[in-house]
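The chain below stands alone and is given as structure tokens, in the form predicted alone.
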Amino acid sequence: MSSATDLHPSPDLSDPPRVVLLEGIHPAAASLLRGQGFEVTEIRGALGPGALAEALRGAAILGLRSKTQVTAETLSECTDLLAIGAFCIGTNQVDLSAAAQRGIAVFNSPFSNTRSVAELTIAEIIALSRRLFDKSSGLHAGRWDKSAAHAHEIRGRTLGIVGYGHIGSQLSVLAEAMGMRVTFYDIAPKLPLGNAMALPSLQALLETADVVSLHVPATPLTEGMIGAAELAMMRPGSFLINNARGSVVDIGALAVALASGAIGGAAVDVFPEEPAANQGAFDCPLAGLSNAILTPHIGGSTEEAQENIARDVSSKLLRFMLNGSTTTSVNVPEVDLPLLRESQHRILHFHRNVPGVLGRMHTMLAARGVNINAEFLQSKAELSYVILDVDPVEGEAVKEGLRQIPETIRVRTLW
């Protein structure tokens, strides 16, 4: 695949194309986009619906992280928007279906912060096992409590990983290198790395692990998957770590289990409700519990991870904007394209996935004397995306003809 710097500008983009980056995205993103001639506006915090729609007036690209909510109503007001970059793992902050219905491609970076989250989890396992936060708080309060009680090495203890994807499997390797036994549970069959052992059920994992670490996405299946019943299955003195999604754990039930001593400790980086802006007020049932480590959703917040994410998502956005490639998009059909030749024009067409559309397109193009040299089509549910490489044409006339096809959602041209 070509790099962003090899791509050609699109005649359909404003001059210069506008990009809005929210929530303090790493400056590498703005640098890459400006390097291709895009006008970039950077805003540190998240925006509410009204302010977001106003900020996106005339913008072709929106970049955000996890706080800004992009609803169908907001998208209906952003008629110039062509693409959204989620500079994070998740995309649940964007109405993906509504974006697809408007031909707006959404991209994310699901793997760039894998190492950062895995390393944080290892640090939390050690901190909980050695009661580091409790000991540190005691010294800050003037108490010298030098004792080995309830402090353990992690070597020889069992780590149970729920969700054996990119983060879970990398955590598995790191933990085993430090001498831990590793078990895991995943709803899909996964090949174990090293000596890790797959278990047949979540209950089997909870009943045997000294540390349970969650690495699952936010889905209806995972919502509330760790509640009072599941916490009661865990071994006395064991630890729970949630660096996945705030919806996965019943925070109230966890607070009860920690306060009663039913489990030994927890580390939580994600919460059901989080402040929309940095430095915002925060409260939850776990606050004040000495055996709970709380961090403000920083699992992937390292300089290395944020720069990797910035470069990854920006490159995907540029390939879509300047070459039409939708590879790795989370909501529209994926079409991987060769670099557009200078002697060719490219037509990008989103349309409803119903019979007869391509026939009508071909008939209209033939009537205008358009010679098609290559055609790329992919469909996903009710949406189709077709790319046509053609001999040079008068773009506006072709686009107007394609717009007359009732199933057309969005059409662009590149040359």
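Start at 1 and count along the sequence shown; that's the residue number. Fair warning: this is a prediction, and the values are worked out from it, not measured in the lab.
The form predicted in complex with a small molecule exists for this protein as well; it is not shown, and the discussion that follows is about that form.
Student: Which one, 326 to 334, 286 to 294, 109 to 117, 78 to 86, holds residues whose non-hydrogen atoms are within 4.5 Å of the small molecule in the predicted bound form?
Tutor: It is the stretch 109 to 117.
Student: Verify the contact flag for Tyr164: yes if a non-hydrogen atom of it lies within 4.5 Å of a non-hydrogen atom of the small molecule in the predicted bound form, no if not.
Tutor: Yes, Tyr164 sits close enough to the small molecule in the predicted bound form that at least one of its heavy atoms falls within 4.5 Å.
Student: Any of the heavy atoms of Asp250 lying within 4.5 Å of the small molecule in the predicted bound form?
Tutor: Output for Asp250 is no: heavy atoms all beyond 4.5 Å of the small molecule.
Student: Consider Pro192 of the chain shown here, and say whether it contacts the small molecule in the predicted bound form, taking contact as heavy atoms within 4.5 Å.
Tutor: No, Pro192 is distant from the partner.
Student: Classify Ala281 as contacting or not contacting the small molecule in the predicted bound form by the rule of any non-hydrogen atom within 4.5 angstroms, answering yes or no.
Tutor: Because no heavy atom of Ala281 falls inside 4.5 Å of the small molecule in the predicted bound form, the answer is no.
Student: Should the three residues Pro217, Met225 and Asn243 be counted as contacting the small molecule in the predicted bound form, with contact defined as a heavy atom within 4.5 Å for each?
Tutor: Yes, the whole candidate spot contacts the small molecule.
Student: Though the small molecule is not shown, can you say which of Met197, Leu139, Ala148, Ala188 has a heavy atom within 4.5 Å of it in the predicted bound form?
Tutor: When the small molecule is considered in the predicted bound form, the option within 4.5 Å is Ala188.
Student: Among Glu230, Asp312, Asp269, Asp210, which has at least one heavy atom within 4.5 Å of the small molecule in the predicted bound form?
Tutor: Exactly one residue meets the criterion: Asp269.
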